[in-house]
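This document starts with one chain, in the form predicted on its own, laid out as structure tokens.
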């Protein structure tokens, strides 16, 4: 994909059409269509091993598609682990992508400090990763992904390694942060509740080779959602039913 193929700023940060991918002789993705609008959060759910992370890597340009087209703004990727550099403090970890992009040290650190202050982590700016809790490390990793102000943010099961309470706190924190600093987000998750609490739309994939089997809109502002809200409960039920149907179909109808 060349820069001439990129959507104009303000257009959809991601448009994927009829995307297929095999790893050797193993078909992984089969004719995927996916679009994310400006400021929209799309959650991707599917059975384990169906190809969610492979699709994320295609979107980020880390793998090529065998067929179809992926037209995307340059993406900031947050993998499953925080991958903070242990010899850098929180401020310099957040500033790292800015420094790589050529921003001067003083300016990059100033911008990183702003982000840390914004989420009440400013007093931990000089702390190294081993001095931070798991939830704080994950917040720093999010800020590092946000620091470049890219229009597309790709999150690969970002809460998977956290305990249930920390995961709940970080979901609410991320919802508020994305309301304040909107951008297109592709969230890969195995957690249906997480998908409907954070996503404007939830896309359900079949077992490998992955196909889109359903797309579900979730009503209401992300930062105001609660698992007890009727609209959230209805979306969760619809997504879970679609996921179970896709899994059963992949087993030849065996529940």
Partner chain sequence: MSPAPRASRPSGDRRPLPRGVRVLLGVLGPLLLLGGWQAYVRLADVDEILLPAPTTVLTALHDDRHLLWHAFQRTAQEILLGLAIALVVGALLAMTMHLSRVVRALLGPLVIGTQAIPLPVLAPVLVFWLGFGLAPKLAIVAIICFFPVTIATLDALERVDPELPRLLRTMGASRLQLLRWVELPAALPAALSGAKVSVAIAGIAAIFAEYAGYEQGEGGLGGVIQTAQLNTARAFAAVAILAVFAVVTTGALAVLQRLAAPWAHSGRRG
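These numbers come from a predicted model, not from an experiment. Positions refer to the first chain, counted from 1.
Absent from the display: the form predicted together with its partner chain. The rest refers to it.
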**Prompt:** In terms of non-hydrogen atoms within 4.5 angstroms, which of the given stretches 112 to 120, 180 to 188, 167 to 175, 128 to 136 touches its partner chain in the predicted bound form?
**Reply:** 128 to 136
**Request:** For the three residues 192, 195 and 211, verify that every one has a non-hydrogen atom within 4.5 Å of its partner chain in the predicted bound form; reply yes or no.
**Result:** no
**Asked** Is residue 153 one of the residues lying within 4.5 Å of its partner chain in the predicted bound form, judged by heavy atom distances?
**Response** no
**Asked** Just to confirm, residue 77 within 4.5 Å of its partner chain in the predicted bound form by heavy atoms?
**Response** yes
**Contact label in the predicted bound form: residue 67 to its partner chain, heavy atom within 4.5 Å** = no
**Request:** Report whether the minimum heavy atom distance between residue 57 and its partner chain in the predicted bound form is within 4.5 Å.
**Result:** yes
**Fill in**
Contact check, 68 to 93 vs its partner chain in the predicted bound form, heavy atom within 4.5 Å, ordered by sequence, gives 75, 77, 79, 81, 83, 85, 86, 87, 88
